[in-house]
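Presented below, as structure tokens, is a lone chain in the form predicted alone.
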Amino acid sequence: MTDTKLDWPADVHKVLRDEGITEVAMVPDAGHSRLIELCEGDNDISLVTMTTEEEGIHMLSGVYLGGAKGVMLLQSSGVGNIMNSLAMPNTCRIPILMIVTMRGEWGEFNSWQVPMGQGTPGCLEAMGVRVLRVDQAEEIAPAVKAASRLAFDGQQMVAVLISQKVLGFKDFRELAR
């Protein structure tokens, strides 16, 4: 594993491959952009772009029922969109693996991101999702591996939350100068 912010997506891509994940559902997100590119360039991974995050929950449920493994890449603002959709995998014990890039925390410029950023862990936990939070780049790949094992071996819904500290923050004041 590497310990630089620039290499965590490559480390996570390797974990996804090693864990046998062949399906990736995602809504485009700058925080996941390099991981998305790696998955898109991988002939053994099918990358499906969702129009909204709840489609990903249903897709991952179908992937599991079809005998394969999948993961959803989303941003914390999209977590609010999946709440009702989590009832089915919760009730049916369908493994759901999510990697969530966080917004609304460390140096956030957009006040609209703050409420869902603060609410993300609690909302997921209220729906029965196990939450693993990472605050350092070198923690991400091991957390995704642990989450994958917990999800698929234990038939759990699991989310890895990647702190905005790892991703950095956007500062549009710099662009205005």
Partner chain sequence: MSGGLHRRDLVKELVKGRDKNTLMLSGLGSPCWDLNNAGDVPENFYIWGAMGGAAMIGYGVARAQPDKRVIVLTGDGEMLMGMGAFASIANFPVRNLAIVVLDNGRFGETGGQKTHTSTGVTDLAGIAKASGIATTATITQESEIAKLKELAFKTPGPVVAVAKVQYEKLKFVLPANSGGYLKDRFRNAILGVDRAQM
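Keep in mind the model is a prediction, meaning the values are calculated, not measured. Numbering follows the first chain given and starts at 1.
From this point on, the text means the form predicted together with the partner chain, which you will not see here.
Proximity to the partner chain in the predicted complex, taken as a non-hydrogen atom within 4.5 angstroms, holds for one residue of M116, A68, L150, M127, which is A68.
The partner is absent here; in the predicted complex, the one residue of Q136, T49, S111, S33 having a heavy atom within 4.5 Å of the partner chain is T49.
Not displayed here, the partner chain is kept clear of K145 by more than 4.5 Å at the level of heavy atoms in the predicted complex. The partner chain is not shown here, and in the predicted complex it never comes within 4.5 Å of any heavy atom of C39. In the predicted complex, the partner chain lies within 4.5 Å of some heavy atom of Q155. Shown alone here, V63 lies within 4.5 Å of the partner chain in the predicted complex, counting heavy atoms only.
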